[in-house]
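In the structure tokens that follow, a single protein chain appears in two forms: structure 1, then structure 2.
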Structure 1
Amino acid sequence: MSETEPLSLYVPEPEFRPGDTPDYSDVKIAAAGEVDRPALNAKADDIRELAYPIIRVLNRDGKAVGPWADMLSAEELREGLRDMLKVRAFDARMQMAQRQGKTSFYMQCLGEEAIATAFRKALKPGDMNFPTYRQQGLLIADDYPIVEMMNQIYSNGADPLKGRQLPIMYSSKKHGFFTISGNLATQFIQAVGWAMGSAIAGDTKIAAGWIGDGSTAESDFHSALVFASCYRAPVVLNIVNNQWAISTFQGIARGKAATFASRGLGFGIPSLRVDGNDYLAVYAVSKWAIDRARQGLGPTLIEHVTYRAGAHSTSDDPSAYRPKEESDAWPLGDPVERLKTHLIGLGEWSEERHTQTKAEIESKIVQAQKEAESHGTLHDGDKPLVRDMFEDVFEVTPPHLLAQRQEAGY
């Protein structure tokens, strides 16, 4: 390039576009059991290498191998499989409900079920999650009532949030699920602040923040890492790298960084990558990070490597920007099938039992949907009262809201 030629910008492009044949043969994936498990009190500088390989437990034959294995009993594994089946069945029914006009909007976590469900099992009561809109598994794995979730989606008369939140933006203090915000990356700074508050109060509760790969480009992401690192906040910061933002592949947000986890290294934060489609690996890595936080050893950054098998939302058409076959070509497989295969290999499950359990769960989800719809949907049935929008917002209702409520006739 000569001195007189104009400058130009480099714009990253995904490897595959609609019409291409996806090929992930060159993707570097560590063998299951290959990545060491460090001591709980390991220093960030001593485990820098963990920000690059993917920690895996289940091998191609469905066997659990390596230093991160053998942390869950057979019953806990069966419960994890049932949790993922519940999430998948719930998603399918709510996706259908949106297509039928019963709610305005929905977002699935198809292919990502292991991440939230396994992470939730490593937490204790009182710990607080600051989730985005694809962590419904945190609630379902903690036995939050399915009917209540559906009522919130329908914004009906039994909606626990009284119609004041968009569909899928749940909230439950009891279940450690902070109110979802559509402004992404705010979850990280909120989680760090909550964790700092817990430490200042001398409590034992920790926080967990959640964002997607695209949100790491937001300034809030970096601000959170500064405070978490500086004050050694008891927090676990989760990046769900599902390869795609709404229509932008993960390379746009990642830039020239080798991995998203490696961004934590510059802040002195222990950073790991885990196979997000491996229930056992997600649980083991999450437990390690959560135990570190609870023992006052500071924050951990986890990059959960997975794939968004469905659309970004019901407003999105992924066929416009990625090949239809890309999901099937993704090398880490289906989290449900992988855990099922593992349990069958242990002699703790069978194809017949899986089929029966799946049918039972789907039947219960259908019954929950009927109950929720008896309270109303987007266009039919009971609605929250208009006056409810003014209640439970401030401890003492300010004068301007009192005036608005009176003007509205309440």
Structure 2
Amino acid sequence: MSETEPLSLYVPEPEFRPGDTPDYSDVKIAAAGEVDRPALNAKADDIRELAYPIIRVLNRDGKAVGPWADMLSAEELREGLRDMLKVRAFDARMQMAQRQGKTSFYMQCLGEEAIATAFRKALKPGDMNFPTYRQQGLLIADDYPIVEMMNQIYSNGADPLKGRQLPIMYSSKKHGFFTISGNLATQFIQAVGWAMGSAIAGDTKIAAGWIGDGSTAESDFHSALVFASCYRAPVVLNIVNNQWAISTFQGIARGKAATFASRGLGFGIPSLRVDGNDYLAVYAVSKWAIDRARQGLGPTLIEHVTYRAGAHSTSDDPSAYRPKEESDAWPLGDPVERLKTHLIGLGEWSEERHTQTKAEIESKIVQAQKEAESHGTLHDGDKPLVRDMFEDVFEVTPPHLLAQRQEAGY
């Protein structure tokens, strides 16, 4: 192109739109077992190349191979499978509850279940997550009561957050789950700040930040990297790259210009990519990063590569912007199926046990739902007190707000 030819604006487009037949056969993905596992104290400069290939443990046959394998017992793997099944069943029920008008809004994590559930298992009690709205798996894998989650979703009389928050915006200090914000990315730097606090206090607790592929474009993503790098904060920074941000594909956030993991390179932060649909890989890589943090070796950036199999939220219909078949064509498979196959291959699981476990889990979820609904749903039954709308703005409600509450009659 010569100097006098007119410029034009390049606008990235996804490879496939509705009507196209998605085909990922030319996508190169590292084979399971192929990527090195460096020492915990490896120098960031020496492991720059890890920011590009995808670390995988389960191969096509469901066998665990390579340096990141063999970290979990059969019982731990079964628990992982149960956690994922729970998340999936919970999502399905709540999705339906929203359609039935029992609440205003819901967000599932279909296809991404392995990430939060496996990560949670690598943490210790007292560690703190700063999640987005798609990490319900963190709570479920930590045995947070399903009923409480539903109460929050229903904004009912037993809602632990007193109806103040949009459904799924959980909060639980006890379960290491920071109050979810509606504003994207803000929590990423907060996670770093929490970790800095732990370091200043001479504690042994670490923090984990969570962010979506689309949200890495937000400025607070940058703040988090700058601060984490500067103070070597004991934090794991997780990017969940599920390929989509509502209707916008990851190319707009520059996930293909370079990997999201490679954002860490400019800050000397060790950065890895992992197959997010491989429970074993997610656990292994998370554990590596968590151990680094806890041993005072500083932050790690992890890109979990996955696919958002469902709609963005109950307000969204993805068929308007991507082919329906894209999810099935997606090359990394389904996390539940893959772990199930692995366990069966080990002789530690069977189709029958799977069917039975699934049924048990589903019936427990149904039971929990009944209990939650006995406290009301958004438009029916018990509600939080209106008076509570005026509380907790401050520790002590100031005179002007008291006056407003009284004027309102509560």
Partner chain sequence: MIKAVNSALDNMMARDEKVVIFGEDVGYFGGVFRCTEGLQEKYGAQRCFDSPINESGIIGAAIGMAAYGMRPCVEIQFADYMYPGYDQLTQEAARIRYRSDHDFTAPMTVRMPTGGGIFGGQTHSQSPEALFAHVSGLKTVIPSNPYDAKGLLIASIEDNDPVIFLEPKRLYNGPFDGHHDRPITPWSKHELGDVPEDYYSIPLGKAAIRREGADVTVLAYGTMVYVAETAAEETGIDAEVIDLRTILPYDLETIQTSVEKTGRCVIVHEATKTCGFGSELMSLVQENCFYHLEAPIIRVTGYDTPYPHAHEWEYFPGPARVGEALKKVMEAA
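If you superpose the two forms and keep the largest set of C-alpha atoms that fall within 1.5 Å, you have the rigid core. Sequence positions of structure 1, starting at 1, serve as the residue numbers. Treat the numbers as computed from the prediction; the structure is a model and nothing was measured.
- Note: the form predicted alone is the first of the two, structure 1.
- Leu402 is among the residues whose C-alpha shifts by 2 Å or more between structures 1 and 2 once the rigid core is aligned.
- Glu391 shows a C-alpha shift of 2 Å or greater between structures 1 and 2 [criterion: core-superposed Cα displacement of 2 Å].
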